[in-house]
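Single chain ahead, by itself, as structure tokens, in the form predicted on its own.
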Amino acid sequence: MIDVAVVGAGISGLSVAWHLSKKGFSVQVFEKEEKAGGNIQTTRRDGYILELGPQTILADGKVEEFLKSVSIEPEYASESSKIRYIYKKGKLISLPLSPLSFFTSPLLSLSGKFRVLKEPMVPASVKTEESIAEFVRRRLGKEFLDYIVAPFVSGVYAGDPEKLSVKYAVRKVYQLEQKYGSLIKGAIKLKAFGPGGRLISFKGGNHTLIEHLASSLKIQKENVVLRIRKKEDRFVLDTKDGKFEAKSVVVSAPATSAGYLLRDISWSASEEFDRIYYAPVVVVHVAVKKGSIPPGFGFLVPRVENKRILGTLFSSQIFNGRAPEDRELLTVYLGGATDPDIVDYEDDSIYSIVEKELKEILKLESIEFLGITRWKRGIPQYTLGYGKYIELAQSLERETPGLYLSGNYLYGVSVADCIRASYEVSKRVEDYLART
């Protein structure tokens, strides 16, 4: 019997498995796909490094500590990647990087800027929960929502700010109001106007991290776990390749898969997890002639501009070696919660939309398509009332000793969120095993 069975070899599962293996526990990871990594997938071909999922990782101290402990060197983003653009009325406008540049930027009108200045005087809401859109309109105004926050929500969550919960989707922002009564006052107090970390990837792409972690772990790939049952002091996993027994189980699969696996432990939890909505995302890789795009990280497109593209990253400018010497690599995003149907469009229709809009936005003469990736269940949406799912996961762990849940539907959608959460999840497993 193994100490820990980890179901799912995405970054959440692998990180937890690595922590526990390091502590000396016997750990077996089960992955239904041929390749580990979940949504972190990298394709390398013809001199291009194509990220099919997350492009970058925002590494704070905890993430840097993790990478150092697993002995992998990150690749840091270029200085030019600090330049980011918002598309507004036919032009790319660089996002202000300081309070001073904010007031000289044409991104917001004069009235929009004055509305932001009033933020410290806005009282806290009496509501128990607000959408991101409600929260931002109340504190910073509609223009700030339309041209700064809504594009950010599209870029990070592929989400709809009218439906996402500020309390759960952007906890740190919500906590600023709760603790300081004002976002601006809180940011000044914490000296936190920046993103709070450095953007990184790895030589060869983000899947390099997955490969590095997987190389030191026991992983059964292409072995589907069909059900999980609690039997006295152990768990029984029925898989495609037979039965396995474990003292504890960490389910790090997406919410729907987790619900399916846990149906014998809690049918009500299974039904609830199945309701969590994942926004679909379409990723299109495009090559253009070197020198035909401005320096920077990329651009976001506000929904009020009536384009289908959510945003585009200048991938070969963020990290070196992502494209041949005479080319630039662009990664274009479409779909999300505000445009979900596009995931089912034919390739030619998507290419046509991307070509038309990229030429208009970047004033390009020609582009070359490198491929399309569709994530029909892309990013979990922390919608209003999402707290019930967090509470359900917590109660399930309390009621079923030895069972633990992990994944980006519980602790934050980013790779960094998953890595940070792995410390806490693995500690809970370790404490349980020490008691048994």
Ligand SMILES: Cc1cc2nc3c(=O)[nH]c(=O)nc-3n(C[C@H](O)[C@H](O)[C@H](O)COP(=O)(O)OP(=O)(O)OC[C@H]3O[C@@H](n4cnc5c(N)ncnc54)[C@H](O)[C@@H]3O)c2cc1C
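What you see is a predicted model; the values in this text were computed from it and never measured. Residues carry their position along the shown sequence, with the first being 1.
Heads up, the form predicted together with the named molecule isn't pictured, but that's what we're talking about next.
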Since the chain is shown here on its own, which stretch among 248-256, 359-367, 132-140, 211-219 would lie within 4.5 Å of the named molecule in the predicted bound form, judged by heavy atoms?
248-256
Taking the named molecule as it sits in the predicted bound form, is Val415 in contact with it (heavy atom to heavy atom, 4.5 Å or less)?
yes
Looking at the partner-bound form in the predicted bound form, is Ile379 within 4.5 Å of the named molecule by any heavy atom?
yes
Heavy atoms within 4.5 Å of the named molecule in the predicted bound form: does Ser165 have any?
no
With heavy atoms only and a cut-off of 4.5 Å, decide whether Ser78 touches the named molecule in the predicted bound form.
no
Out of Leu403, Ile49, Leu384, Leu52, which one falls within 4.5 Å of the named molecule in the predicted bound form, going by heavy atoms?
Leu52
Heavy atom within 4.5 Å of the named molecule in the predicted bound form: which of Val304, Val224, Leu97, Leu190 fits that? Just give me the one.
Val224
Though the partner is not shown here, which residues of 273-309 have a heavy atom within 4.5 Å of the named molecule in the predicted bound form?
Val281, Val283
